[in-house]
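We begin with a single chain expressed as structure tokens, specifically the form predicted alone.
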Amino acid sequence: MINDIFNILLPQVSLGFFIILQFVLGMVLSPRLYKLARIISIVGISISIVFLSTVQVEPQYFGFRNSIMSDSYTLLFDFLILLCGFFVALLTKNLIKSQKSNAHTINGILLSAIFGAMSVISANDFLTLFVSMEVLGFSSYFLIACAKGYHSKEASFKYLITSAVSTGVFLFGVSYLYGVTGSLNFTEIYSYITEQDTSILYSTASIMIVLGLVSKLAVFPFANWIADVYKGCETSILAFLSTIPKLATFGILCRLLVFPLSNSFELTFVIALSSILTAFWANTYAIREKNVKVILACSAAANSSYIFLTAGLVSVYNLSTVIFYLICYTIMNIGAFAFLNVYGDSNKMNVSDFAGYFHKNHGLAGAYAISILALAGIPITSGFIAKIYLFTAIVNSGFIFVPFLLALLLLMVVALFYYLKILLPLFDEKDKNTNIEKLKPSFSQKFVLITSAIITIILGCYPEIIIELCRFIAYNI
């Protein structure tokens, strides 16, 4: 057990220490020391990132009776989750200032969510995966509800109901899969299905497991929650919600599709159909929307559908595409929500409310524009390279999937309309000389926004090293 902790779980254990510390300090310290909560979270996440160097990845390490594992794949996703958690912790300044008495509790829950996401990535059986998903899920419910006001509570309740239904679907699928294979362990299930002919029950179980998992991605049939939840959520929590649960879900989903769920031909077409329906719904819904949060919610669902389709067409090349797309997407998405976090007033998030802001906030609005352009897939940004890489992966998957690619291309062109709807008001000349507010970001907000914009441009201009790393990790999964 000690060897397992030091070889695989040291980052999570160190994070667990800071989770306990946050809750204890929340009970004994005065609310006047609320600033300490954010500092503790940042330090805790930083130490966990350092402890990633202790994790054994070559060869693969299996611990706690094969219930968890580590390799280069889990190490990369753990790093991405911790990096996003670091950025989110920097953005929570306004939130904890408004919730001084609960600052340590909120930060403790944020660290718990990061802990749960890392545990999801490391899971090697469905029992461990389910418990880890629930840790991530319950932390998310509380984070969504932590802001003051009715809308955040409503958003949390809607997310809870959707997650409860999807968890039921997931558990039904797991129970059927256990009935077919007699095991919950990924390795044992994979060994069984490679030696046996698959059945309809196995395909049904695989479909239910995948559809249950992807509720956090806002993919059909669990897509409707995202617009209302994003609209009622505080911006720093949106930066969390749009990145860390997605990284955890796609990280474990790809491993499932490569191993225990890899022998279901029907599952591939269910994924393709679900992806197209989600992309159609999200991109058409966003066209008539004026609220920036809702538009970015639709963008999140649409991008999830693109990645979901590519992940379903299982191959080493496609897996490397998914990893690269996730890296690019999380960085540019955090940049977009960092600007909204600087803007601050969640009640004024219509596209017209940002009219002319570039003329008095050149650097901030420019960095925000880079993130939106990257989400739209405009050249010299990482989003453009990621989408080209994604198109190539789908084409290489076979002629039968070309119609799905053509549908995605058409929907991505439609998506340009609502990205421009966000972007163009920033440069509106008629508001140039009016009383536009000059934003006053904190150092941490400015750091997150500028850093994400710089990384987005660097990945767009020099993606080769990261692409090679993604291919190496995909090959060695």
Partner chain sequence: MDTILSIPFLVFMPMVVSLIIISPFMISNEIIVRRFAKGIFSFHFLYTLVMLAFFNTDNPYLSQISFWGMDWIQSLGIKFAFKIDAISIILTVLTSFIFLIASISSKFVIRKNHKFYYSMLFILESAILGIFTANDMFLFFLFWELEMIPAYFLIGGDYGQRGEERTKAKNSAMKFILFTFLGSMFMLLGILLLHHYNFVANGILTATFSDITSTSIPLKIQLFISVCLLIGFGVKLPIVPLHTWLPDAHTNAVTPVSMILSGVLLKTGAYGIFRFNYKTLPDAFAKIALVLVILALINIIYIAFVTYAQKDIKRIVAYSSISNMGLILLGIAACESIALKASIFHMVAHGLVTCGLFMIVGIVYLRYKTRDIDVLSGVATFMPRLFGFAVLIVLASIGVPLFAPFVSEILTIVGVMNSELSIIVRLAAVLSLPLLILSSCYMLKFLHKSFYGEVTTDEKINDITVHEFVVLASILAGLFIFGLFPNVLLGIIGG
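Residue numbers count along the first chain shown, from 1. As the structure is a prediction and not an experimental result, all values here were calculated from the model.
What comes next is about the form predicted in complex with the partner chain, which is not displayed.
The closest non-hydrogen atom of residue 29 lies beyond 4.5 Å of the partner chain in the model of the complex.
The partner chain in the model of the complex is not approached by residue 196, whose heavy atoms all lie more than 4.5 angstroms from it.
Contact between residue 344 and the partner chain in the model of the complex is not found at the 4.5 Å heavy atom cutoff. A residue is said to contact a partner when one of its heavy atoms sits within 4.5 Å of a partner heavy atom; residue 463 meets this definition for the partner chain in the model of the complex. Although the partner chain is omitted here, in the model of the complex none of 23, 75 and 86 has a heavy atom within 4.5 Å of it. With the partner omitted here, the residue from 273, 406, 316, 161 that has a non-hydrogen atom within 4.5 angstroms of the partner chain in the model of the complex is 406.
For the options 165, 402, 287, 200, the one in contact with the partner chain in the model of the complex, meaning a heavy atom within 4.5 Å, is 402.
Partner contacts here mean any heavy atom within 4.5 Å of the partner chain in the model of the complex, and among 65 to 73, 441 to 449, 31 to 39, 408 to 416 they occur only in 408 to 416. In sequence order, 384, 385, 388, 389, 391, 392, 395, 396, 399, 402 are the residues of 383 to 404 having a heavy atom within 4.5 Å of the partner chain in the model of the complex; the partner itself is omitted from this view.
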